[in-house]
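Only one chain is given next, in structure tokens, and it is the form predicted alone.
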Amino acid sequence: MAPSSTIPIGELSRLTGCNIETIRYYERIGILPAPVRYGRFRRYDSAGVRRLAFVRRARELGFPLDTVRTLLLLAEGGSHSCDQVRQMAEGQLAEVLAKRADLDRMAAVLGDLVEACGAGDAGGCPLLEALSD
């Protein structure tokens, strides 16, 4: 019988907003430790909930899994260097800003193409022509 202080994977998914298959994937690659099992069922304690919530927040900020691993080690080790974490965050911020700039350029090009399409004249479609070039 599972202790009442643990929860099944479905409850972990609900609490953290993380898909069950993603939770299993994180276990396979070692981001999450293997949970205690009672028969065929995985059971997670409060430390597992906190760890997955940490991972999910880091992933929402776009940190790659290797960086998430490092952040977890720093957070759990207690001897984290705020400077080291800041450097990692600065690198991630640079990535996000670069992606945003790319998206802004794509939006401008698409906007121009949509405008060029006008009311759908029969003389050809500028968007299709641009994609074909």
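Worth saying up front: this structure is predicted, and the values here are computed from it rather than measured. One rule holds for the numbers: they count along the sequence shown, beginning at 1.
Keep in mind that the form predicted in complex with the DNA is missing from the display, and what follows is about it.
Shown without its partner, this chain lists Leu65, Leu74, Ala53, Ala89 as candidates; in the model of the complex, only Leu65 has a non-hydrogen atom within 4.5 angstroms of the DNA. In plain terms, the part of the chain that comes close to the DNA in the model of the complex, with a heavy atom within 4.5 Å, is 32 to 40 out of 32 to 40, 81 to 89, 45 to 53, 100 to 108. The closest non-hydrogen atom of Val114 lies beyond 4.5 Å of the DNA in the model of the complex.
When contacts are judged by a 4.5 Å heavy atom cut-off, Pro126 does not count as touching the DNA in the model of the complex.
Put simply, Arg28 is close to the DNA in the model of the complex: some heavy atom of it is within 4.5 Å. Taking non-hydrogen atoms only, Leu15 never approaches the DNA to within 4.5 angstroms in the model of the complex.
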